[in-house]
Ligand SMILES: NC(=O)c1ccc[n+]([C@@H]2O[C@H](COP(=O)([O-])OP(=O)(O)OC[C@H]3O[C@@H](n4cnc5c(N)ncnc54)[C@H](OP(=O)(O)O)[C@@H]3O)[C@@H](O)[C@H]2O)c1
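A lone chain, given as structure tokens: the form predicted alone.
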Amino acid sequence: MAVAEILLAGARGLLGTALLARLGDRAEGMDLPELDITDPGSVASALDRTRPELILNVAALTDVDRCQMEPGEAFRVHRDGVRNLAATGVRLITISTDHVFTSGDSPFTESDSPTPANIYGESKLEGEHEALARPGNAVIRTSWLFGREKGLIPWIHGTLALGGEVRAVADQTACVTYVFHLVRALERLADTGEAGIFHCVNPGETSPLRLAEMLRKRLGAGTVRSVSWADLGRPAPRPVYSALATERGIDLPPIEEALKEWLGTRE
């Protein structure tokens, strides 16, 4: 039996990998097939093996279009999976999304009322309710997560650096989140025991088009073509405006600092 302070569910993804590197021996990371959060028996078995004080859930279906086409699977993972974890009675921190909002004219804070943009957002919001039904649990909303090699910014940069064309969406405004900044915030929440909803993004609203134009100017390579989500013909609608802000006091560095830090890994 590998006793651990923290059970990390969804350990093989972008965020899970970064969290394991940050938390070290404090955490036991699990993912499919050894931990299926949609199966209560699998959850119980994982808890028997680790006896954690905290569950950090970063397991998700991050393909927004797949969620739209397979709503049953989206709700099974994002709602039922969180319900299974919360039912253990172990303190839970789970990740949600800016897609619980659809449109607005200023950044949303934790006290604003959600209006989900799509099935992904709806299923994540129901997962929030499952988590928050038990005292002591926390929900972290984030958006456009990126790391050194994965996410929107590395994809745009890599395409332009090779002289390619980026079709960049102009009609969606949100915030980016640098994974290494987010894991520090999650570590703090793990240690302080704070509960409720937290917005954890790099402050400063932007769009894929603005990001692409900035990176193209810096690289001096590639081309950028402005498009709309309608042009791309994707199954799931996206939020028009879902920038996040916080009134809970867990502040990540601004977008300019996140981009500068990330670009420094490329130079």
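Sequential numbering from 1, following the sequence displayed. Because the structure is a prediction, the values reported are computed rather than measured.
Quick note: we don't show the form predicted together with the ligand, though the next part is all about it.
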With heavy atoms only and a cut-off of 4.5 Å, decide whether residue 120 touches the ligand in the model of the complex.
yes
Although the ligand is absent from this view, report whether residue 62 comes within 4.5 Å of it in the model of the complex, heavy atoms only.
yes
With heavy atoms only and a cut-off of 4.5 Å, decide whether residue 138 touches the ligand in the model of the complex.
no
Check residue 253 for me: does it contact the ligand in the model of the complex (non-hydrogen atoms, 4.5 angstroms)?
no
To verify the annotation, which of these, 221, 44, 32, 230, has a non-hydrogen atom within 4.5 Å of the ligand in the model of the complex?
32
Among 160, 77, 86, 93, which has at least one heavy atom within 4.5 Å of the ligand in the model of the complex?
77
Is the ligand close enough to 156, 226 and 242 in the model of the complex that each of the three has a heavy atom within 4.5 Å of it?
no
For the interface check, one of 188-196, 144-152, 163-171, 110-118 should have non-hydrogen atoms within 4.5 Å of the ligand in the model of the complex; which one?
144-152
Which residues from 32-46 come close to the ligand in the model of the complex, meaning a heavy atom within 4.5 Å?
32, 35, 36, 37, 38
